[in-house]
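Shown next are two forms of a single protein chain, provided one at a time as structure tokens under the names structure 1 and structure 2.
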Structure 1
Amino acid sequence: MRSAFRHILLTAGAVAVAATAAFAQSADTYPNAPIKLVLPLGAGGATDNLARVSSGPVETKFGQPIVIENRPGAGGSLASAVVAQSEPNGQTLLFANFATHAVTPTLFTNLSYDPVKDFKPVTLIASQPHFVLVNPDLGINTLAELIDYAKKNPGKLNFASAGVGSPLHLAAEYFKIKAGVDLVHVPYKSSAPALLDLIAGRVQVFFDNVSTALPHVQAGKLKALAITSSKRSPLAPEIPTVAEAGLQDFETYGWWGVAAPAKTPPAVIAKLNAAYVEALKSPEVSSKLASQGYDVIASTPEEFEAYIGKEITKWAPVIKAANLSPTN
């Protein structure tokens, strides 16, 4: 009996050693096949472009293609589920964003995965603030005037969004709380039709990313009352921050990063992080993203993990105050 038991222990130990060696070897030789980067949004948009620009030099460094797979829908939970349930070998990654990691943990309660525990952050790639936009025909020229008008006319102003739970939606909900105003939500499927209806005057207010809104602002089709970052944008230095415009303690950003399945080996996470950070700090990539309105971050995995925690804490009460659900 003792001999058999000892044989089992020795066999188990040998298997464990072999598995550990194979694990280490996989990290050393990673990647030895194409990497799949799953996006929670459709092809051709700003997020798709950001993923390709930031991942291009990583492809070159690794000598393996990074294949973009677009899986839009359900607030990013469709894409997230695919990655969370994939093999934790670094070959399938998620292009994480505000929706997948700041919103989903509060908005969804019956997911097949845990939005936090089932992922290991790799790097926070970039963030981008929003413009507070109005139609010029509204006759409002400052953020203070917007707040004053909204307080005197509760429920009479509509605000557009790119969908329930999107950063553009929650930025406006946050504004409602901070400014103490009542605006009516009009959700769209994406930013493009919302911008068109704002220009046409069918909605009056919209919080949108700097990169997509700026051409319309420069053309005089829209008026940007403020930017939601802590400092002015070099692309539009004439537009004040929300704080400068009179509303304190208010910042909102869309953000994007790379995450892997939770059990991905630390050595693989480190290798991915180093490659993406090197790419993002290269003059070619950093200048290109800056020209598109992005603030390049290139964080460590630990910094990204801490940032996600802070975002969840910040936005959970906003989501609850807005009484949001996955179907509204």
Structure 2
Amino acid sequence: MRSAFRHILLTAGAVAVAATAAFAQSADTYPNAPIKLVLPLGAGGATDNLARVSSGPVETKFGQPIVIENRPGAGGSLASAVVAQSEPNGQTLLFANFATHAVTPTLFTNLSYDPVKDFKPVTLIASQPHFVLVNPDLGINTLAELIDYAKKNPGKLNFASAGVGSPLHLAAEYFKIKAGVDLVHVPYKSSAPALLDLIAGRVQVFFDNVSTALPHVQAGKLKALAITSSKRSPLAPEIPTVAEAGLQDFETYGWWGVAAPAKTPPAVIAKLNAAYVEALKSPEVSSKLASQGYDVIASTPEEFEAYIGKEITKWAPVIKAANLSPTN
């Protein structure tokens, strides 16, 4: 038992030595240490890729690595909580998205942090519109035909969703409201099985990201009736926008940006914004992201803040209409 005691002492000693090595930092010389960018999703996905591509030049400019920490779960609220509760010195940032800043404020009523007030937006990096996809065997060729068919046959068509409360799910729910049609929701946990069932014709309608859906559209397995942005996509200029196809006032995007803890000094926010905007405007990054279906935005902090506000108001009624239970 005496040796056990000694062992604990040794451990404690090592810990104490390590603790003194912590060092302080000031806002003027920001960033003087590696920056932690917390992602609300797992490693290896599209969001992970977007974060890495857009942060690459920022790393070079700052001469400090940006370490990506994946914290998936609970609609992004685990990642948000980490950042909201971290030191507001610009060393810990959140890779904000539709889930953390458009859905969570309405869907999660009992959070340990305030999803809006605890953050200071840095920049809206990019957004990606959706395709309104149908199975080609349905014989529907335009958005107007789809709305017409759905109105004549209420509750006959199935639409797929990938992830409850995801942009792919809520875009379709929003479409139901705006077009005044009744489609039956078939929930999927991820996009892959939803795509398979759509190709096989077991579900008929699906709102999916342009980048994922495009190869299937080009191969003729799926039909894209419209794109949900205000402009046509350079990747598929033949697909009309929803407005051109006859449904006004209907735009949906998945979007991604960077946010910092609320009390981060404005000087740090400005420095971060400048670095990210410069990175996103570089031909290398912007062309890479454009080829993956993103619209590069690179907004100011104020524009991003306003955008978040608009998104929350836009989606709150959709979330209620979709019968999603407000949860803790």
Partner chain sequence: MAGGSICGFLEMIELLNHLVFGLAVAVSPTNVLLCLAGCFLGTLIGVLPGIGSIATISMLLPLTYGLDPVGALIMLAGIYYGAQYGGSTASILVNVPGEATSIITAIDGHQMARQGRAGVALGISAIGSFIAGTISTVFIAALAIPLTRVALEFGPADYFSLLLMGVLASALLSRGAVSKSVAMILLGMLLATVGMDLETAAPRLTLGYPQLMEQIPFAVLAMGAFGLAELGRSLETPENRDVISRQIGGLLPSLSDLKQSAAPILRGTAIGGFLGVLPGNGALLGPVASYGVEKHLAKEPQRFGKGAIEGVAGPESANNAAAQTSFIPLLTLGVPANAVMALMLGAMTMNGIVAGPQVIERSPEFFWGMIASMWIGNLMLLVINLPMIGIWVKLLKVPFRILMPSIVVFCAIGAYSMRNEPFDVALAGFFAVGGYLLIKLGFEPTPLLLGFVIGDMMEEKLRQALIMSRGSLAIFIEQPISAGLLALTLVLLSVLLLPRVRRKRDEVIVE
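Think of the rigid core as the biggest set of C-alphas that the two forms share within 1.5 Å after superposition. Here, residue number means position along structure 1's sequence, counting from 1. For clarity, every value in this text was computed on a predicted model and none was experimentally measured.
S.K.: Could you let me know which number goes with the form predicted in complex with the partner chain?
M.R.: Structure 2 is the one predicted in complex with the partner chain.
S.K.: Tyr174: after superposing the rigid core, is there a C-alpha shift of 2 Å or more between the two structures?
M.R.: No; that C-alpha moves by less than 2 Å between the two structures.
S.K.: Rigid core fitted, is the C-alpha displacement of Pro88 between the two structures 2 Å or more?
M.R.: Pro88 C-alpha, core-superposed: shift of less than 2 Å.
S.K.: By the 2 angstroms cut-off, has the C-alpha of Leu235 moved between the two structures once the rigid core is superposed?
M.R.: Result for Leu235: no, shift under 2 Å.
S.K.: Following alignment on the rigid core, what Cα displacement (Å) is computed for Tyr188 between the two structures?
M.R.: In the core superposition between the two structures, the C-alpha of Tyr188 moves 2.3 Å.
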